[in-house]
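The chain below stands alone, shown as structure tokens; this is the form predicted alone.
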């Protein structure tokens, strides 16, 4: 472990690489814009907070254009991607204008888009938002969920997608 002072840019890169040693699942968080258009993005900052009440947490870069939509929506979904859905992760991480074009999606009980073939899908009520440095932290109540134990999860570690060994 080095104690030599480094530049802010080097520190940020080293910090990001150190965080990359923590394996995470990959999710797509999705909602509807006020005009009804579905929007979504890839998120790997998802985690559980509480079982009673059922709460989850995730964060969103504060500089993204979709921030006002996610801050003001009442409900959204968190879709835990399966190992064979790296294409969806890439799509929802892209700057594509219509990420839902050609996708078969289910509609949640509050109208939120639910992706098919996922390990789990959570329908969440947008409860609390906090500024967290360069991100907005969302804490949300899970109002409904489903899961499919036949799919292994898509994992992100060391800056790349990984799959669980059998």
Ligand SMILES: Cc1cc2nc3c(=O)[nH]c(=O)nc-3n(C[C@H](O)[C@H](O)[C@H](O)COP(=O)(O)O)c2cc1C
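Positions refer to the first chain, counted from 1. Because the structure is predicted, anything quoted here is derived from the model rather than measured.
Note that the form predicted together with this ligand isn't included here; everything after this is about it.
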Heavy atoms within 4.5 Å of this ligand in the model of the complex: which stretch among 60 to 68, 118 to 126, 47 to 55, 102 to 110? 60 to 68
Does this ligand, in the model of the complex, lie within 4.5 angstroms of each residue among 42, 95 and 156, using heavy atoms as the measure? yes
Proximity of residue 26 to this ligand in the model of the complex, heavy atoms at 4.5 Å: yes
How about residue 32: is it within 4.5 Å of this ligand in the model of the complex, going by heavy atoms? no
